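Shown below, as structure tokens, is a lone chain in the form predicted alone; questions about how it binds or moves come after it.
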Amino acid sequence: MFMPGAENFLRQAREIQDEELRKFSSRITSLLQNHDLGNDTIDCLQRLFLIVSATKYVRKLDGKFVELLQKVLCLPKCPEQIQALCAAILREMSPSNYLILSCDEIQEAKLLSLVSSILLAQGNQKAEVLAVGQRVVKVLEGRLPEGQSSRHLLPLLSKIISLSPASLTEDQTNLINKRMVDWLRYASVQQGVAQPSGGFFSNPRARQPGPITEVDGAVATDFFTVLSIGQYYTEDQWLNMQAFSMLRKWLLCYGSEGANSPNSDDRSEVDGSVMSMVSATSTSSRLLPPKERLREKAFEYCQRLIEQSNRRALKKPDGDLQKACLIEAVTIMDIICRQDSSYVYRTLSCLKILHGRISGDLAYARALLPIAQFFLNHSETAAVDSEAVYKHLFTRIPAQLFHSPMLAFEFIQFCRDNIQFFTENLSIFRRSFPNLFKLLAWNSPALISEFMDLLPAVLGADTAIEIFHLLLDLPCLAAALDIQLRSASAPISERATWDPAAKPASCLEAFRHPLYRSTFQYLLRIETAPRDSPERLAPLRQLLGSMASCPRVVQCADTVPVLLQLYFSVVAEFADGPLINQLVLVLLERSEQLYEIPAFKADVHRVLSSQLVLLCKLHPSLVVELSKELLEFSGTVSNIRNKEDIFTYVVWAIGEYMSVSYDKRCTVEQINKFFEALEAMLFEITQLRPSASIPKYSPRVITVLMTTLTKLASRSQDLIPRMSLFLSKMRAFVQSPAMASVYSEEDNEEILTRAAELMNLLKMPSVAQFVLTPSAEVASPRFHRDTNVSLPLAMKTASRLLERGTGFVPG
């Protein structure tokens, strides 16, 4: 968010029209042509840069003006600020048809950097990238004139290898390898000299450089690194820091090709580990080829950084830099070991000590990820058991640092990158999925995309039910994490005032109350607990209801429907009959045990109802196998009011699958029981009495109930007269005063039309059987299905044929 003044400047810049911009460009043209490169010109160029960069579309500038900016940029004595502004404007205007710049003859490093940045901004044009790359390497080959610096070119080189690694030849990469060895290993250990102020009292002796120090203030006794501290830095020290910043990218681009010696492929594993380690340490690194020598020096540099990270920093920024450099150093060592296995044993001993030192310090938690990645990549080669490293990572880190956004993203990314290995080889990964859900609950929706890649990996027949409960309780988990965090930061004096014998007055007090302690512990568990009963969370959902409007909880709730859809699509791939039955029972039970956020409950009910259809199609026998539970659910009026979607689909499933064509165990007795229960339900919601508060049930529920009852009657034909009588009374129901006050004319018409269609079908039981319970041959293609209604076309056709003969309308 910008400050009000900045917002005002941006608004003015965006509102400038093309004609005003043309006049303003003409004014700048006049200044530049008169070689007026003072403050007025700087001010105008700054305003122009704001104008061209403030909008997402490209502003149009005159071609001659663009050419003039390029000429001014390349003037021999052009002030640096003017050059930087001209280059920035030209980059914003890219790609441009008026480009006349070329880097072929430029000798000055800083100008080459500015011009090359404009050329690379034209788009990923291979010719431009190749030309810039060749020129940058050529300048780095020679010795720059005094006053010029190579450090302007290293960011450019990093950009080039990102765009087109193939633009550099092998000889050129060898040259850069040699340069990087010098930059990394042989920087000065004396501080730089401050620029003289030129004042009368300036003292030459006061400007004598002192030694570089460590982060703890001790004088450095080893070579310079990015963690070496000085008040001023020399040119080679700046190059040292820049070289380390691009080292990882360079090794990934050029470190692996031909990394091994010609005979390395013929050596055994023992030769490639122990013997190579001895030879690498005993042979002078100066005899190695450039690529191997860079690898050796980079390894030494990383070892030095790990040693420096053990020092106690005097300033917090230096401490933060230590942690960042430690992560980078371990990552680079991992890359080196992947390219040359002779470094594995040297790195292994180093990282074992490092892990033991930092594993107990949460401030270094992010550094544990690259360490774990190293063990994951090389533990088999080194024949070491790294289970303890993974267990510490998956059990402790998410539980204690779920509130760190950067760590949460990196942790989930780490899991996603290694998901195949974890699912096949690491049992702790699937056991600790409750911990992973903490990261999602606290950091959703930022992690939803990454987590959707992880969810299928932790889902299985043994975890499906527990994960289903956890998904539905995700907003509750977010609220509990918030309380946990607030409880940990509460003053000790405040904790002492809580009385365990009294009833907790707030969520914060309940968190420490003995009555709720075990419930909170279950919700915040670290590993899976399949034998524990999730029903114990019901009191906690009510207790945490006061946090339902918390923004973090609401955001978390918004992600649940998306995850539920993914959950059911994955479960459908492996679920068998018993698991589907269990899942349907849990679905019906949990549909009324949700966290009290109205929008959340409505969205979850919508998803659950649609997925209930999927489960029934996968296992139609569940209607017979769960007949007792479904009978109880469909016979409860409150289920219509509180969860209409789920009730409607349960009734639909009964009508669709309570048939011998789907399960031979279906009996007439079961059909009659469902008929009686649903008939009583339909009677209760249609026999309205005039009242101040008449409950309104949607026409959809009424028509689905009528259709399901008709389906059941067609399968037990003793029920047909009873159903026909009920349908014949629907006109009286529709025309009643109570009905007229609740339903619209369109609703009444919909109910009457369905009643007429069903009544006509029941006049021909054999046709009703064909239409309402079609055989597999008829039902499977479903070419006759009308997409605008819920019944087949045959039903409407039969109804129209009968209406022509009798003109019957129920009434």
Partner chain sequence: MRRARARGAGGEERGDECGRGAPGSCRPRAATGLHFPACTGAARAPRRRVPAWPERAWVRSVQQPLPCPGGSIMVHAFLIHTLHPRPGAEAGLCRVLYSRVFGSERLDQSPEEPGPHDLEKERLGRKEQILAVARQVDSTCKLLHQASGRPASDFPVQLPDEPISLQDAPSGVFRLPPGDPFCENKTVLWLGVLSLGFALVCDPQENLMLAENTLRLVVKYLLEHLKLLNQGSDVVLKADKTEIILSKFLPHGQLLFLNDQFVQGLEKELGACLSK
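Positions refer to the first chain, counted from 1. Rigid core here is just the name for the largest C-alpha set that superposes within 1.5 Å across the two forms. Treat the numbers as computed from the prediction; the structure is a model and nothing was measured.
The protein also exists as the form predicted together with the partner chain; that form is not presented, and the subsequent description refers to it.
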query = Which one of these stretches, 518 to 526, 288 to 296, 703 to 711, 369 to 377, sits within 4.5 Å of the partner chain in the model of the complex when only heavy atoms are counted?
reply = 369 to 377
The partner chain: the contacting residue among Q33, Q46, S744, S766 in the model of the complex [heavy atom, 4.5 Å] = Q46
ask   = Which residue, Q237, S591, N435, Q611, has a heavy atom that falls within 4.5 Å of the partner chain in the model of the complex?
value = Q237
key: Y345, heavy atom within 4.5 angstroms of the partner chain in the model of the complex   = no
inquiry  = Under a 4.5 Å heavy atom criterion, is T686 part of the interface with the partner chain in the model of the complex?
reply    = no
ask   = Does S736 reach the partner chain in the model of the complex if we count a contact as any heavy atom within 4.5 Å?
value = no
K60 within 4.5 Å of the partner chain in the model of the complex, heavy atoms = yes
ask   = So which bits of 102 to 119 sit within 4.5 Å of the partner chain in the model of the complex, heavy atoms only?
value = S113, S117
query = Using the core for the fit, does the CA position of Q231 change by 2 Å or more between the shown form and the other one?
reply = yes
request  = Classify T41 as shifted (yes) or not shifted (no) between the shown form and the other one, where shifted means its C-alpha moves by 2 Å or more with the rigid core superposed.
outcome  = yes
message = Given a superposition on the rigid core, I'd like a yes or no on whether M764 shifts its C-alpha by 2 Å or more between the shown form and the other one.
response = no
